[in-house]
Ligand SMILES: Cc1ncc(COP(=O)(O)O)c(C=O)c1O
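We begin with a single chain expressed as structure tokens, specifically the form predicted alone.
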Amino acid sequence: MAEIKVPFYGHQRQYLSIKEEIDSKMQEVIMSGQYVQGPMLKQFEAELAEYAGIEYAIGVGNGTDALWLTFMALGLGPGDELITNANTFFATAEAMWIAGCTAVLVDCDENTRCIDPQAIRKAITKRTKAIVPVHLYGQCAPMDEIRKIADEFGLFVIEDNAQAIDAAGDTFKIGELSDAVCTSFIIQKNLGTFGDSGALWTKHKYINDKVRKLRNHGSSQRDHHSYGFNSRLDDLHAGILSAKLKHITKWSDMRIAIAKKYDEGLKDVKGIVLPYARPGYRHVYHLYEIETVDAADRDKLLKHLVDSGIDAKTHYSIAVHQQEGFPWGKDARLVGPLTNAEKNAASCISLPMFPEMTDEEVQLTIDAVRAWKK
């Protein structure tokens, strides 16, 4: 295996860049003696709500839990259909199954790779209860169009925002046009902690109140319980996230600047397609995802990059409905064709992307891509 010249992640670099802030928060939590549902969690939830410009934010165990707890808080369950795109991480559909719902998978837009509103419209039946758009790779789905469809048919909208914190549309903010927003804070995300955690934010008090009970064994008062679960964002992770949250816009800007360098350096390379940023949208490049024109070239290019010391990867290289464990039957429904989603999965490659990348690392990656097939 070739020596890695360009890593895919920069977790240690990011920690070192704000080490004193993170260490201070962790010490504050440790010395408080309150590590679960303590004051640091409450502080971070308040900070996250203020950042999102939304009334309520609730920390939970991970992004998957954020989704299915939201579905349950909305009363969604067996017999209810939820629409999402087929080219996403498996957890988006998995959360629907955990809640007892039917996942309805539709195609994505051929340019943005986010869910196609026209595909949503074609998938709606009398059993449809919600739309779950995924803000893929760091770019918002077209929420204004999705909101219009939801209003027309009386549907909930729950945003899967695990990949696009700090993104925005041209006329909307994330959370402005939905019932709830769910996100993950696993370390790989643009805002990540040193392990698993997640959150959701919402403008609806009833969702806030229900999720807070569900995440804590059905309890909102000590020793009083009803049906619930154990899905809590602990205070140590909340402290780390609190330290990082104030830097997220700066880090997003750094990602955007790196993406522009990639765009310029790779714009004339034959055989690949570069990411499409919808005009007017703030694309924060959780992933810088290229595609090979010929899907058969994907693995060849990926091997070339890895052999060149570039730690490139694939993300969601098997569409949800093409997974071996996909539950065919009453738990899922496909509304096809799913041409764009399947092409995206079969031809995608993620180039290294993190705010602390050096100019040299960006150029090494560009040079390696350009050297392909020469």
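Everything numeric in this text was worked out from a predicted model, so none of it was measured. In this text, residue numbers run from 1 along the sequence as written.
The form predicted in complex with the named molecule exists for this protein as well; it is not shown, and the discussion that follows is about that form.
Within 4.5 Å, heavy atoms only: does E289 come near the named molecule in the predicted complex? Flag for E289 set to no.
Close approach of L105 to the named molecule in the predicted complex, 4.5 Å, heavy atom: Answer no; every heavy atom of L105 is more than 4.5 Å from the named molecule in the predicted complex.
Any chance Y316 has a heavy atom within 4.5 Å of the named molecule in the predicted complex? Flag for Y316 set to yes.
Taking 4.5 angstroms as the cut-off for heavy atoms, does F89 touch the named molecule in the predicted complex? Judged by the heavy-atom cut-off of 4.5 Å, F89 is in contact with the named molecule in the predicted complex.
Is it true that E81, M96 and T128, all three, sit within 4.5 Å of the named molecule in the predicted complex, judged by heavy atoms? Heavy-atom distance to the named molecule in the predicted complex: none of the three under 4.5 Å.
Tell me, please, which stretch of 182-190, 117-125, 293-301, 244-252 lies within 4.5 angstroms of the named molecule in the predicted complex when heavy atoms are compared? Partner-contacting stretch among the options: 182-190.
Can you pick the one in L200, V211, I174, A162 that has a heavy atom within 4.5 Å of the named molecule in the predicted complex? Exactly one listed residue reaches within 4.5 Å, namely A162.
In the predicted complex: members of 57-74 within 4.5 Å of the named molecule, any heavy atom: The stretch 57-74, when checked against the named molecule in the predicted complex, contributes N62, G63, T64, L67 at the 4.5 Å heavy-atom cut-off.
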